[in-house]
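For reference, the chain that follows is the form predicted on its own, supplied as structure tokens.
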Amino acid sequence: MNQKTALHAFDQAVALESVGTDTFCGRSPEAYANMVGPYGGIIAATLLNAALQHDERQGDPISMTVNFAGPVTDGGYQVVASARRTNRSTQHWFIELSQQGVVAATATVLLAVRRDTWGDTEVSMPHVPPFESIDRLDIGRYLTWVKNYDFRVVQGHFDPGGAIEDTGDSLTRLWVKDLPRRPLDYLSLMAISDCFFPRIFVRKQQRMPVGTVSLTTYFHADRDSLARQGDRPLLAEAHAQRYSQGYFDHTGKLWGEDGELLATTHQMVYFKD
């Protein structure tokens, strides 16, 4: 990692310092502030970083589930990451983030050594206008974390000014990349998998109290895929499936600019209307 990359706001935000066996210390990044605490994607990426920089790491990410037990507040936090079982090709991790002795988030991570096999993709990247042809999202009216990304919304826009009425569905398609540019890796892919505005914001076109309670991301990209993608934009798509009794889910897909499916993701989100 060169100095320029190390100084990127994203790398600063997910940075962890080893302070003992399985234990790391980090700090809530002001640059990625959300409604309450940091943007969930940056917390997820930080937890993943604990496994990836651990001395016992074997393999690359295949899947990750994060459960947000409570808000991560300003200030420092402790992350404990332990490999619970290591097999010939897979490794299972449990990771916990706490502040002042109170658990704020837990995660399970599956790492694996990938091997060459037959493969196919049964979904196709949507046909959308190219990144350069779409105006960049005016980030001035959005929360702080949005300023770290270059968003180009193709459809399913959320306008905090209330200029759009209930859209009837929550499908969003948008181009996104780190701002300033940064080559894609597993950590930034994990963070971007949470880049979507809450589906209920898009559907109702209004802000309301919400919070992701569980986030799962599946990594289809290998190291070669990430290298081919580089710092080019990703096409991200998400839609909700049901809103009911204070919770809704959404499912999402992330494609590389060349059409390769790099990750899929699912969330359960709390809301209060």
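All values reported here derive from a predicted model rather than from experimental measurement. One rule holds for the numbers: they count along the sequence shown, beginning at 1.
Keep in mind the form predicted in complex with another copy of the chain is missing from the figure; the text below concerns it.
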Suppose contact means a heavy atom within 4.5 Å; in the model of the complex, does that hold for all of 62, 92 and 273 with another copy of the chain?
yes
Any chance residue 126 has a heavy atom within 4.5 Å of another copy of the chain in the model of the complex?
no
Could you confirm whether residue 115 comes within 4.5 Å of another copy of the chain in the model of the complex, counting heavy atoms only?
yes
Can you work out whether residue 148 and another copy of the chain are in contact in the model of the complex, taking contact to mean some heavy atom pair no more than 4.5 Å apart?
no
Verify the contact flag for residue 185: yes if a non-hydrogen atom of it lies within 4.5 Å of a non-hydrogen atom of another copy of the chain in the model of the complex, no if not.
no
Please identify, from 131-139, 175-183, 154-162, 198-206, the stretch that has a heavy atom within 4.5 Å of another copy of the chain in the model of the complex.
198-206
If the cut-off is 4.5 angstroms on heavy atoms, which of these, 222, 231, 30, 56, is the one near another copy of the chain in the model of the complex?
222
Stretch 81-96 - residues with a heavy atom within 4.5 Å of another copy of the chain in the model of the complex:
84, 85, 87, 90, 92, 94, 96
